[in-house]
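What follows is a single chain, given as structure tokens, in the form predicted alone.
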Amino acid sequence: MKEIVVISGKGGTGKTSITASLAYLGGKDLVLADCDVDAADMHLLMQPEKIKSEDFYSGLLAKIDPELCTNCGICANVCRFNAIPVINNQHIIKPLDCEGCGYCEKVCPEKAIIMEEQNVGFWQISNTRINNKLVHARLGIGAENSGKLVAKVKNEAKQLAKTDNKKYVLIDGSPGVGCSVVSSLSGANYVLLVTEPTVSGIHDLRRVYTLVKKFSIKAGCIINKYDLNYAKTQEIIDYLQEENIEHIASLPYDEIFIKAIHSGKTIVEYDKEYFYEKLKECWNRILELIEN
């Protein structure tokens, strides 16, 4: 079983649209995982039917028992995050300011503070309309530990692939270079970079590939909307050659992508000619590179 991770240095490059198309082409051979837990949207194209769902608990939050608290103020004095104000003559915890370090619990002489594990979101397994399974999740508003939730999604997808004897786990990673991207890359066999010929696109491509290199993972790249700026496209191609990154394909800008999304379809379903053939070539090339 091989892991393929699709990432981009920035949002808006077409990463999820391309990942969904590859999932369609891979069909029953793969398990799909949406690891963009902060802004999951793969379900919009996959129209999943839930099989299993569980809450996800991670991180700690302090809680003061007012019956035991004597308002000595020791906890407030040691809190570096100013998360313990006095309201109505009672010390309380401000949830959005508490970092869960547990220092207040250690110093409380009355043992009036406990650290509670937090429900920060959920994850689930679903059947998709294209006859494969999707593991996806959503992080709660303002919640932390996206990296841990991504790890949970990945582990469940891998276990599902092993149980169902699937060849591949296809992962839609989040944009950027944060904890969730690091978690997505861990253990991957191949990384597909999706970029665009803009100043920010090139900048973030360089940034995210610097991260990929630290994992020593083989990588390829699709340049989406290449015809918007030929000079920037050539700059990307030169960078790919310099870094020995496989140039998988260059895809033109086409409003058919938008029409496909509005109809709830992947681009390879909506356009059975050019984009189907082009992305089929991409998928076959990726599999060839992985197997070799």
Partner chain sequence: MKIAIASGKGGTGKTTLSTNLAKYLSKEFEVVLTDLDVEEPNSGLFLNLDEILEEDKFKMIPKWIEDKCTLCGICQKSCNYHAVIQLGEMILVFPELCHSCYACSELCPEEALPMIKQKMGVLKQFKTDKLNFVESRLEIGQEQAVPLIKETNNFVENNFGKEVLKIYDSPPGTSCPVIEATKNADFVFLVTEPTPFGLNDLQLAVETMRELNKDFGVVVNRSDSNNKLISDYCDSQKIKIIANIPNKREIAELYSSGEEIYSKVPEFAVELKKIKSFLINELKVD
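Positions refer to the first chain, counted from 1. These numbers come from a predicted model, not from an experiment.
As for the form predicted together with its partner chain, it is not shown, yet the points below apply to it.
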One residue of I114, V107, A76, I92 in contact with its partner chain, assessed in the predicted complex (non-hydrogen atom, 4.5 angstroms):
V107
Going by heavy atom distances of 4.5 angstroms or less, which of L251, A40, I245, L30 would be at the interface with its partner chain in the predicted complex?
A40
I'd like to know whether Q47 contacts its partner chain in the predicted complex, with contact meaning heavy atoms within 4.5 angstroms.
no
So, in the predicted complex, is D164 in contact with its partner chain at a 4.5 angstroms heavy atom limit?
no
Going by a heavy atom distance of 4.5 Å, is I261 a contact of its partner chain in the predicted complex?
yes
When the contact criterion is heavy atoms within 4.5 Å, does V86 count as touching its partner chain in the predicted complex?
no
Work out which of the listed stretches, 64-72, 237-245, 22-30, 224-232, brings a heavy atom within 4.5 angstroms of its partner chain in the predicted complex.
224-232
Which residues in 196-222 have a heavy atom within 4.5 Å of its partner chain in the predicted complex?
E196, P197, T198, V199, S200, H203, D204, R207
